[in-house]
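As structure tokens, one chain now follows by itself in the form predicted alone.
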């Protein structure tokens, strides 16, 4: 048996190196904390060292957990069994307790599951501690009980807003804002089609995305197919006139130009448009495919437009939703809708706490 040793700043990074080099069935033989020299020899930093092999010796048949595949209950139980065996062995060697002193050994597999879902390590530890504090002692060895407790813990981090409520005969104004490429125009079309076709209401559309001619034409095409009035506002001064030109509608949906979170000038211009529109709700549209840093930046920079709700798009394209969970927990804004594909008027649903938690943990499929 040939062994290899890997070093990384975190356990997740080390395990990722093992999987890339040796595959998903590699065997973890040992883990320990070491000190590595910093660049130019300036001080030292703590690192995680993992020793692994492609095949296990006969007396150590402990497969490295392929926790990214834990979407089915049977697979979940099987992988937890492998992980539990690994934890017991490493604990006997003193290789786990000093690395994860705040996590019960029985819940280290749960911690690994969260890391594979791209949940940041600090948040993953908090969630596991939450599970440890609330699960009954006799259930900590039961995979289904741990899974349910973990989903409850994730649900507690997810503020949910009710879907847009419209009273016939009383005009409501809702704006969608966000970075470029997150699917605002398609989401506006989905909402408009559902309010008209499913609820029998009268929506109207306003676009201020005059920077992309294709975006205006795309929304115009949707408006013609669904038979909706559409107005264009080229400047803040035209916004009120555009809204009033829609006539006696129940709901005004405003599609705005995508802005880079780094472009503070353009975001302020967008704020000027909305100041005239005086929307009842402003939904910040975020793509689930974006990284945690990009999501945080969008939430922070678009605060100037007073977004009070979030819409998560492209869940069908995202490989992991852990970064989304981390951002939502600190954004102080509830989630109103999820989109799961490009189809109009389908592939949009009101946000549901249990459903989103299951998606984040890979316990449920997007479609």
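No experiment lies behind these values; they were computed from the predicted model shown. Positions refer to the first chain, counted from 1.
Not on display, but discussed next: the form predicted in complex with a small molecule.
Student: Residue-level contact is defined here as any heavy atom of the residue lying within 4.5 Å of the small molecule in the predicted complex; does residue 200 satisfy this criterion?
Tutor: Contact check for residue 200: no, nothing within 4.5 Å of the small molecule in the predicted complex.
Student: Please tell me whether any heavy atom belonging to residue 180 falls inside 4.5 Å of a heavy atom of the small molecule, as the geometry stands in the predicted complex.
Tutor: Residue 180: yes, in contact with the small molecule in the predicted complex.
Student: My question is simply whether residue 342 lines the interface with the small molecule in the predicted complex - judged by any non-hydrogen atom within 4.5 Å.
Tutor: Output for residue 342 is yes: heavy atoms within 4.5 Å of the small molecule.
Student: Is residue 186 close to the small molecule in the predicted complex, meaning a heavy atom pair under 4.5 Å apart or at it?
Tutor: Yes.
Student: Using a 4.5 Å heavy atom cut-off, are 190, 258 and 314 all in contact with the small molecule in the predicted complex?
Tutor: Each of the three qualifies.
Student: Spot the stretch among 301-309, 46-54, 320-328, 333-341 with residues whose non-hydrogen atoms come within 4.5 Å of the small molecule in the predicted complex.
Tutor: Among the candidates, contact is made by 333-341.
Student: Under a 4.5 angstroms heavy atom criterion, identify the one residue in 156, 294, 245, 218 near the small molecule in the predicted complex.
Tutor: Answer to the contact question: 218.
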